[in-house]
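Taking the form predicted alone, here's one chain by itself in structure tokens.
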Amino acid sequence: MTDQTASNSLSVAGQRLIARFPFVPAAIILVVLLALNGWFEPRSLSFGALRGLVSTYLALMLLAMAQSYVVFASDLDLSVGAIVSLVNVVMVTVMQSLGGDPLMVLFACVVGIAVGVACGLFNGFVVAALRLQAIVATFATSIFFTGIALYVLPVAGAPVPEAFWLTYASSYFGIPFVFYVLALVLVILTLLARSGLVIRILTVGDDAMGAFHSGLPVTAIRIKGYALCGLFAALAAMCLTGDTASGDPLVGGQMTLNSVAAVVLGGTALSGGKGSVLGAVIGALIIGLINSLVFFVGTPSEWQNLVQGLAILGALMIGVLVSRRAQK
């Protein structure tokens, strides 16, 4: 076998790998960022540091998952951050109203999940059933949800009962609680994968008209995608509430665009029909590691946002260029 033949074989193998697993470029970037973080701050690779990274960015990982389910169908949700804020204040208000005992805290979590799913269903009805442009409709609903959050809790800082945040920050049988949350999310993702719903969502995103002619209920599938988005946004709000131990009607505002960036960094196409939830998780971790790296290299505070933005843009460009080259 000549060198040229071997090179072509490797190129074809790489193309097939990225076609099947579009998050591969993001995974490579993640490994490089982990190495760079370890180079500038060796303690950043310790178990405690990695636990802190997961705890800090778990909410963003879940929100990136939430965004994935609408992007798969070639939609977009600009209200996910507002949903996080609304679920946060509703949960905190219910906890304070009913008391901080564990049973009432659990009830508040159920209420928060119900609110998140209801917001997702509302978005799905507006976008899929009424056929409004997703980017405009969800921008409007984000303002609407934020207004409700401000009505429920006008001022930030309402404390969360100890039964909630202590549980989130503790370890059980030597394992941090956040890893139990990840295990629960993995179970949910497995059940969704076995249900076939994700495949149907991707099919709609790839060719909505073809999916309709094949007999798939396109409108219902898109609404279900938004409902899943609301569910995972509610789970993200629960994690964020446990991390901050307070209620804030604007806490999720800046997370919306980060969730979109994480989805794209993970190899999911905004045009729909291609991507994976795992890629979105990797994209969220990339954002977290970039933020850590910018701090570890000693970037002055006034330059940190600029450097973070450029680094995320660079990571995105590398991933997109590698994916495009693999598709040729």
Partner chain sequence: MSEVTRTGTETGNANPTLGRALALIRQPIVVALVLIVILLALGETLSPGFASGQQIMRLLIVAALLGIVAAGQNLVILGGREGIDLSVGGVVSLAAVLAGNVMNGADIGIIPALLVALAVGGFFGACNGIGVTLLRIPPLVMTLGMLGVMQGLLVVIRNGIPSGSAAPLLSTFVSKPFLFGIPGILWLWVAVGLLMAFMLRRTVFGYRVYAVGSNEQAAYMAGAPVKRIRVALFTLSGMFAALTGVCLLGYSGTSFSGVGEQYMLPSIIAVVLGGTPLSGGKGGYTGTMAGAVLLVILQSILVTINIDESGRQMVFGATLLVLMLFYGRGRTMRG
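All values derive from a computational prediction rather than experimental measurement. Positions refer to the first chain, counted from 1.
Note that the form predicted together with the partner chain isn't included here; everything after this is about it.
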Taking 4.5 Å between heavy atoms as the contact cutoff, choose which of L106, L184, V155, A140 touches the partner chain in the predicted complex.
A140
Answer with one of L150, A163, A227, V111: the residue that has a non-hydrogen atom within 4.5 Å of the partner chain in the predicted complex.
L150
Just to confirm the contact call: exactly one of 282-290, 29-37, 46-54, 257-265 touches the partner chain in the predicted complex at a 4.5 Å heavy atom cutoff, so which is it?
257-265
Can you tell me whether T190 touches the partner chain? I mean in the predicted complex, with a 4.5 angstroms heavy atom cut-off.
no
Touches the partner chain in the predicted complex: Y172 (any heavy atom, 4.5 Å):
no
L78 within 4.5 Å of the partner chain in the predicted complex, heavy atoms:
yes
Is there any non-hydrogen atom of A208 lying within 4.5 Å of the partner chain in the predicted complex?
yes
Need the contact residues for 289-319: heavy atom within 4.5 Å of the partner chain in the predicted complex, sequence order, or none if there are none.
E302, W303, N305, L306, G309, L310, L313, L316, M317
